[in-house]
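Presented below, as structure tokens, is a lone chain in the form predicted on its own.
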């Protein structure tokens, strides 16, 4: 498969080759005019993100959030009605979602709440079949906050070798103690690493992420991704967000969230109706309660929204760490449950 061949883009030229309008809209104050298509692949942004994440520009594809990267990977590697993906559960539901859209089967490997949702790599490997094309692991995991040790990822990469792509979703890596796996992409061609600007940088609304891997695999994903994937305003917004002073500000915010995470987890553990608060290396944590439904209802009545998953986690609630005032408000609402 070959990438889409878009009309050539050259600065300071009369562009009559892409059916663009000559009208420049007065709406929006952008460095690039919006009557022109954006770059097919935004090179300046790609280089800035590669520098941020620690790989070469040829080893990275910029995507519309890491969710688009998940979709691209499954569509690239899984034949409909034939292949499957393997993933621990509970984990990020978009792996299942995009697999089902593609017509790929999903093999789930349960983790145990009693074992802090630790991923059993041997069980994950045993679940793989000859048709397993992609193995997804989220580290730290969503919704449990559990990290996956580097040694376990390396074992997974070696055992699956050329048989499966191993995708490490690092959406929350900045909030934990483990380093990114991106430095291993040169050693393991079956390793793909997902990163996002939605969490640590606070740019969820911009919908910008990336997938890093060997240059050969990135070329393949580049051929599958639609042209002009990122809108001009998004490209310029993220370019500005990657300036040194903005990154320093984001790093300070991450440290604040980590501090608030500990404060909130300690406070939650003190309530009698909270049976367990699991360790977390993300910007959220998971708690088991006596009556999760009652807690959800009381919080909703006071305009505080939490996440209740149901199923195997029916007695659990995932709580995102907010600002100090947001967290204080949550605790004040929970105090009313104690009083009642």
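Positions refer to the first chain, counted from 1. Note that the structure is a prediction, hence the values are computed from the model and not measured.
Absent from the display: the form predicted together with a small molecule. The rest refers to it.
172 is the sole member of 77, 172, 117, 188 with a non-hydrogen atom lying within 4.5 angstroms of the small molecule in the predicted complex. Shown without its partner, this chain lists 84, 111, 198, 225 as candidates; in the predicted complex, only 198 has a non-hydrogen atom within 4.5 angstroms of the small molecule.
Figure note: of the listed segments 91 to 99, 156 to 164, 256 to 264, 124 to 132, the one touching the small molecule in the predicted complex, with heavy atoms no more than 4.5 Å away, is 91 to 99.
In the predicted complex, the small molecule stays beyond 4.5 Å of every heavy atom belonging to residue 280. For residue 67, a non-hydrogen atom is located within 4.5 Å of the small molecule in the predicted complex, even though that partner is not displayed. Among heavy atoms of residue 138, some come within 4.5 Å of the small molecule in the predicted complex. In the predicted complex, the small molecule lies within 4.5 Å of some heavy atom of residue 142.
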